[in-house]
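One chain comes next, on its own, written out as structure tokens in the form predicted on its own.
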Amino acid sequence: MSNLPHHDNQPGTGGGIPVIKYWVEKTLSPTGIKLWQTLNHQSACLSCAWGTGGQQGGFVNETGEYLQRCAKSVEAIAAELQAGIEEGVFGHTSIKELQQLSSRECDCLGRLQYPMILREGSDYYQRLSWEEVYQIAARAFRQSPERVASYSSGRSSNEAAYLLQLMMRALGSNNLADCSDLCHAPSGVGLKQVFGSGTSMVSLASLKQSDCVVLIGSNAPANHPRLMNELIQLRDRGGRVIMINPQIEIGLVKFASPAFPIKSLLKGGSEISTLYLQPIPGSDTALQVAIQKSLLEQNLVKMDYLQQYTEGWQGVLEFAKATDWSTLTEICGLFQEEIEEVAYVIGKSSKVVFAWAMGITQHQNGTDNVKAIANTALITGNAGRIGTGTMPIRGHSNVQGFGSMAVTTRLRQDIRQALEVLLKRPLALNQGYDARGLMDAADASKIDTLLCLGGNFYAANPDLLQAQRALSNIDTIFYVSTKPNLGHFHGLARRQTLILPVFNRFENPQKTTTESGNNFVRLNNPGKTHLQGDLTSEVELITEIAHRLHGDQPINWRKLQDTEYVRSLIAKTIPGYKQIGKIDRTQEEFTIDGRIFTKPKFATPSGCARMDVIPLPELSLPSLASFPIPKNVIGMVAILGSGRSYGQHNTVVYREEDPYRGMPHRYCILLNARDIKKAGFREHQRVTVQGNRSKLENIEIIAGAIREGVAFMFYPEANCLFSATIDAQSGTPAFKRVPVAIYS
């Protein structure tokens, strides 16, 4: 790290003292006691999908290890323990004033306590009763099925997710957009094509037996800190960690975890990365083909494995062999020698796990990227054995559970048949809108009613100008939330916008379940809220709306307010979830059947993994002159990747600054020092950043450990800049490769 740009007060290690200070600060706050009680509550973490919490207590992970909470957990819980927003706040604050708030300021308003409505022609949200909410919902959802839609996030439970899709499909609508459409959909689509299953094939216990992890396009120290504990343990047992990321993140080089206090405090943390590659963004498929080519040349291909357990391997190897090194190195911007070293480490390791996050999926060829990684895993025999496999790192805490509960436009045939038995009729479903399809449909005035179960549909999308315009074409929008966000003030419906306050996971009066990114189902105990307002649970909300729409046929919807009964239906209709039907009696959390492959027999019709030749990406950048900017400016063109800061969860911002990157506020752009000098800029200079949709002015330049020609800005603030290209196979936008002009 000594050769990397370093700023005053910028830590030299990820995690460490700043995290401990944050814990102490929150512990000594007025809500400190309640915070610790909640951290120990028997429920899954509110933050990422790594899977802490459940029946063994809040600090315990899936393998029974303690001290597995992180700063992300504390941030999320502390935000939920805020005081309730008094009724008069919205009554005396106009929508124009609320639209001036930042994401962090929205969150800091506090907890939502009362149902509210913003009616057409009004400048203020007003309180209304739940009976009025249900009357409005009953009218709003009685539209043509193709004009009714939902959007959801992973903050909710499996039970709420199951009821949401059941209600929508009972209406005849398949418009079940989800936040995963904007992030990890390429993982599910790509892995299902290769292995017949779209989730991680690696359990946490299996990961602990690997001797090499290849981590691609992930900033785990910020977004999945508990994964860092596994990487620390892997290095301690002599394993290797290969990082592939255009930006060098401090925590991926060295990390100090509170779970290992002696190492953190006395030794300054643990070394993480063994090798660190910084490819050109969007070149991941070319890099994987280059690794495959090198494996062939070093005689490290597992031919017996390929012949016995895969299909289509001949074409994949032939393509890698026939592709020139010069072509591959030019596309990915790396030296042949560094690729060969990575291939050697992978080929010589006995148990390799390939893991990735949105740096792989949020590209125009995101699905191809996933399939190319799977090909490398198969070529080296690293799939279907303990300690090996492919492992997408999911974001929100139950986002994978929503997919399992069939909150998707891609409804599995076996689930469809089971739902038809449950509903006692064939399902006549439209094709359905995913997240981007839904926004485009709303922009074309094809949607009348939208229910948003959590999330921030407005700010999570690219092209915020389109998002605001599209949502204003919808007659009625219901926002189901625990706290205010930007969407509540910018994503306003044409006739009426409702904000409906609900309990969070550790407050729910019913038992619920969630699913981790490693296919483990956790049971969440009931809890109590500190609020005195008029809240409901998501389960009660959805079942009451469904009752108003469908009555008692063919299901007694109000009976579904009993979550144990919901779980009995899940057990009958969702593959792999049979054990959930007895979880109330046994209290036994479980791994979902049919997803963790410990033998090389996969969920395809033949049992073999299906390998395809993946085309190389065609990468190009526009010239400075092609942007709508003044002539004769000092400027440059860069590949912008947007992402979260270290004090952020999805679109929710807890801290404005990012000390680990040396970025003091949200309106910064991280550039390589050589790019800054070459363009005629200076660090801390203020510039304008222009995308293909809009521009941001007064952006501060920060020098960072990022590849030349690449820039980084914070999401969602940068989302206004661009209308992203879309991965045709999954529908996911290319947030990680956005051409921008930077000029003064």
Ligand SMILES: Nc1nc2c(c(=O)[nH]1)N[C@H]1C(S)=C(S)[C@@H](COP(=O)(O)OP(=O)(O)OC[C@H]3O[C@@H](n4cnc5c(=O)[nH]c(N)nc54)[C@H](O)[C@@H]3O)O[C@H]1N2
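Numbers follow the displayed sequence, beginning with 1. This is a predicted model, so every value here is computed, not measured.
The form predicted in complex with the ligand is left out here; the points below concern that form.
Among 561-569, 344-352, 243-251, 626-634, mark the stretch whose residues have heavy atoms within 4.5 Å of the ligand in the predicted complex.
Among the listed stretches, the partner-contacting one is 243-251.
Please tell me whether the candidate spot formed by Leu182, Gly282 and Lys483 is one where all three residues come within 4.5 Å of the ligand in the predicted complex (heavy atoms).
Yes, the whole trio is in contact, each within 4.5 Å by some heavy atom.
Just one of Lys72, Arg436, Lys293, Arg522 has a heavy atom within 4.5 angstroms of the ligand in the predicted complex, so which one?
Answer to the contact question: Lys72.
Considering the ligand in the predicted complex, which of Leu306, Ala222, Ile331, Ile272 comes within 4.5 Å of it through any heavy atom?
Result of the distance check: Ala222.
Would Gly217 count as a contact of the ligand in the predicted complex, using a 4.5 angstroms cut-off between non-hydrogen atoms?
It does: once the ligand is placed as it appears in the predicted complex, Gly217 has a heavy atom within 4.5 Å of it.
Applying a 4.5 Å heavy atom distance criterion, does Arg548 contact the ligand in the predicted complex?
Taking the distances in the predicted complex, the answer for Arg548 is no, it never comes within 4.5 Å of the ligand.
Does any heavy atom of Met358 come within 4.5 Å of a heavy atom of the ligand in the predicted complex?
The answer is yes: Met358 has a heavy atom within 4.5 Å of the ligand.
Does Tyr162 reach the ligand in the predicted complex, with heavy atoms at most 4.5 Å apart?
Residue-level check for Tyr162: no, no contact with the ligand.
In sequence order, which positions of 625-654 have a non-hydrogen atom within 4.5 Å of the ligand in the predicted complex?
Read in sequence order, the residues that approach the ligand (within 4.5 Å, in the predicted complex) are Ser642, Gly643, Arg644, Gln648, His649, Asn650, Thr651, Val652.
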